[in-house]
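Single chain ahead, by itself, as structure tokens, in the form predicted alone.
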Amino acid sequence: MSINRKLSTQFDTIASVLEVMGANAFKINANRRVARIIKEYPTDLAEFAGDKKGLTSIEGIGSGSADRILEFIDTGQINELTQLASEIPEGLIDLLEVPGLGPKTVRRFWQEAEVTSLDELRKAISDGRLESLPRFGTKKIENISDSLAFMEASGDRMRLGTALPIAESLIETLLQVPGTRKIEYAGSLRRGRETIGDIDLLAVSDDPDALAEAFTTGPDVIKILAQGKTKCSVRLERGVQIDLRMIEDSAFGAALMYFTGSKEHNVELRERAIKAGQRLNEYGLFPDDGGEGTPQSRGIQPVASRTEEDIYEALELPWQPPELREQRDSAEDPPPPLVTTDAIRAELHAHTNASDGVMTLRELVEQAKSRGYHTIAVTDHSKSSGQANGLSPDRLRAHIDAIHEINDEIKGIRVLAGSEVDILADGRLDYDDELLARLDIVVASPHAALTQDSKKATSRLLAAIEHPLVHIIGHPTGRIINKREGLSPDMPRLFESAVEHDTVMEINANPLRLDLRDTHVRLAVEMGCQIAINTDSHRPEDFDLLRYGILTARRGRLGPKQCINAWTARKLHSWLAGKRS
């Protein structure tokens, strides 16, 4: 597993601590710049162990930064951060995790209100201490209190986009253990929930002891919670708990169904079995002979157990995709056709290095073409997104010309000249209509003023939905999972207007966002709204984030007919043109 993310976090934390301490801006910004370079570097920096010259050949990494990277590769820590952290109260670093509290604000709390921990912050809110600080009115303090509550409500749950690669990497490693025949992940991860409490793995092995030994002695394991013949539990360095269960192959389907859940889905299936004179547990579906104890302990043979499909069929129920096994879904309802990754034929929200992406225009187009897409939309940021190097009107005009040129040059894919245009706080768009009309596609997204009340947020987004030159509303709430709640507009009103104006709502597949969220998607589908699933790609590997958007879409019961990325080129381009007319 790449160390780049951990390294990037170390440099980012150094910058934040320096800012809390009041260090000079140059040193702070230098560390943040290195953090960004490391985060976006395409290969694992661990490959540079002992190679300082190689590290300094990377643009933006100087001699001092290279030394700290080498230190981390060698020891797993950076002494400078340890030293800096010792010079401030320990709890200040925890305060930096509160959504909306930047280093400068944390410094003010420390210096002016003696707030040095999360507990002290709660006390300062309740005893009125923060109100004595200049420019800290009631509304601002309420926002801080809400952020604290939101952070606490998120708990220790890990984002889907973090948990799934961990599970897949571990499975790949454990499958190399002699005797291991199959391993699958289950639980909320298999159901595609946006956050995961822990990771459940189910395995079939001819040598359970060898598999258990490999699992509990992995390089990322920091604590063994349990180790036995049928179950092992460990905690990884990243804080996640992983449970491994060794299952007989003949009962694998029953175990997979049981440990996938949800609890409510399992209860519904067990009640169905009882009504049919049967008993269902993690070992299989058994005839109920009225005996004491579990059927398998008394030698009763299961009616079905080897596969999930066998059990559903024996219960006279349609097989349910894991994404539809929540409380809101009925096991008796035949599942609708659901969109799949293979169905996607277009990416309609992507960035180049003209704004804040790392790919050139040509690299972006070639990346989309290599994935078999018939269309790629180039949608770099608009002028108000200064932090994302948004394009001025003149830069956008030149960009449109460049996109048209490469569209003429590269065959086999249609390249659309577009923009991700900011929806300003009052609902206006970031470019005038004359310039927007020159674009093939407009994705309008909120990026600022994301704490607006519901009424203002609804009005703001409705204005964009109703704008005749807007095709897609990108990440409509602007939320960041576990970090920022984002806007809370009246979703039914938005979807109703989107249907009326033939405007598409986006599922942003980036696992930090997954916005629209699954419950929104379900409502939009029921109301007849068209949906786009876009990766918001900034770098080549971001195209692989599509699967998270697909999982969210499937949880919302989205089929390929309502997903514009799954349309044929003719249908998609006809809609794009027809929307304008």
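Numbering starts at 1 and runs along the sequence shown. Model, not experiment: these values are computed from the prediction. What we label the rigid core is the largest C-alpha set whose atoms superpose within 1.5 Å from one form to the other.
There is another form of this protein, the form predicted in complex with the DNA, and it is not shown here; the text below is about that form.
Heavy atoms of every residue among K27, I61 and R68 are located within 4.5 Å of the DNA in the predicted bound form. Residue contact check for T451: one or more of its heavy atoms lie within 4.5 Å of the DNA in the predicted bound form. Put simply, G100 is close to the DNA in the predicted bound form: some heavy atom of it is within 4.5 Å. Taking the partner from elsewhere, R484 is found to have a heavy atom lying within 4.5 Å of the DNA in the predicted bound form. In the predicted bound form, at least one heavy atom of K140 sits within 4.5 Å of a heavy atom of the DNA. Proximity to the DNA in the predicted bound form, defined as a heavy atom within 4.5 Å, singles out one entry of A425, L174, A402, I88, which is A425. Put simply, of K231, K275, R181, K104 only one has a heavy atom within 4.5 Å of the DNA in the predicted bound form, and it is K104. In summary, the region of this chain contacting the DNA in the predicted bound form, judged by heavy atoms within 4.5 Å and restricted to 166 to 174, 497 to 505, 379 to 387, 410 to 418, corresponds to 379 to 387. I69: CA moves 2 Å or more between the shown form and the other one after rigid-core fitting.
Relative to the superposed rigid core, the position of the CA of T519 differs between the shown form and the other one by less than 2 Å.
Core-superposed comparison between the shown form and the other one: the Cα of L81 travels 2 Å or more.
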